[in-house]
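Encoded as structure tokens, the following chain is the form predicted alone, with no partner shown.
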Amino acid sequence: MTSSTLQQSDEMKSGVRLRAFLLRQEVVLFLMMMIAIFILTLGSDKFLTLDNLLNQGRFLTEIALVALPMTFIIITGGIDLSVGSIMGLCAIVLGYMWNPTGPFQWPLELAVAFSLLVGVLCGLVNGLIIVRIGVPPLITTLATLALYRGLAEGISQARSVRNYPEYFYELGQGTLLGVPTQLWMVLVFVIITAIILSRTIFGRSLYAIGNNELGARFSGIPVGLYTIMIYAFSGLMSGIAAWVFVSRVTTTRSDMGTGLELDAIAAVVLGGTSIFGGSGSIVGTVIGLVLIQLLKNGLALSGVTTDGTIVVIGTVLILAILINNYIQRRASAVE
């Protein structure tokens, strides 16, 4: 083979790799986000300011914390509709156990730890019902969505808890090196979950489960155990989201987290994770989260109504799904 032929072959391989990179869902979504930022900047001079962007970071924290484990779950072909209700229940438990005028009056640190344990237990219940009883994730978490929300309302009795110690508000309202404290927490969890999903046997096993659960079982992957683990992890992250949210808004209510599951699922799917399982990434989820939050904020600053914002976000979501399907078809054709 001549040197010119080798050079042509190398150039062809480079071109194929470049096209494959440009057709990655994360790259396409990032370009969409850049276009959206450019357009939204034209609509308001307040949009692309540091204060506004950091403030939006505070607002997306709870959704981000829930969306990370939701990525794990959807990659396996599952779904968790109960995360918002778990968040509301954990928030109520935190306030109820600490309340100085209540029956328990626990130290605040102990109340926070107990609320996180409640979140884990709620996730474990979801996982056990799905694995041991065999109820589909959609039906299971739809039922527990109502169950956990009902428990939160029953415990709270329509009463809220306020007047937490000042130090408690540092997590939800404070800053560290000029950046909101909770964003540092989100960054740590993003790095950890990204490494787990892309660099560990556990993460690769989740993709295998989503692609072919029966095949994963025959390969020796403990499908049931891993499923229970990711739902328990989802419950834990919902508990942490409740902790952050209570710290940010300074009160607890039983309706906290209402609709949170839809925002988290939308961000995950927008980020390229297939609702049928088997594909997805934490990077894509993060980009999806940021894009949705920027659209909400930018459109509001531009004077677009709430209804109009929902229409725009829905259109972007549909467009992203169509692009993702196109990318998957191209990848299958190349293979």
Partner chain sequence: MTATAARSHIHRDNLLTRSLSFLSSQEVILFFVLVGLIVLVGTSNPRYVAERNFINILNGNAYIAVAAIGMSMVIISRNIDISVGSLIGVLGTLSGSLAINGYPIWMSWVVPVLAGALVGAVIGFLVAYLRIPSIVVTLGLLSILKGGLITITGGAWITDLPKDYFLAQIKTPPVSLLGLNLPEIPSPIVFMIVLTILAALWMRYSMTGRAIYAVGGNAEAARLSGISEKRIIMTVFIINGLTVGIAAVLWATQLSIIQSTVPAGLELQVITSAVVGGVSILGGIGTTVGAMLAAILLSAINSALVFIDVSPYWFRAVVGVLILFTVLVDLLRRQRSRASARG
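Residue numbers count along the first chain shown, from 1. Computed from a predicted model, the values in this text were never measured in an experiment.
Another form exists, predicted in complex with its partner chain; not displayed. Remarks below refer to it.
Partner contacts here mean any heavy atom within 4.5 Å of its partner chain in the predicted bound form, and among 29-37, 64-72, 282-290, 268-276 they occur only in 268-276. Just one of 134, 107, 100, 165 comes within 4.5 Å of its partner chain in the predicted bound form, counting any heavy atom, and that one is 134. With the partner removed from view, the residue among 220, 154, 174, 178 that has a non-hydrogen atom within 4.5 Å of its partner chain in the predicted bound form turns out to be 154. Within this chain, residue 327 is remote from the site of its partner chain in the predicted bound form, having no heavy atom within 4.5 Å. Not displayed here, its partner chain is approached by residue 145 to within 4.5 Å at the level of heavy atoms in the predicted bound form. When its partner chain is considered in the predicted bound form, residue 113 lies well away from it, no heavy atom lying within 4.5 Å. The closest non-hydrogen atom of residue 203 lies beyond 4.5 Å of its partner chain in the predicted bound form.
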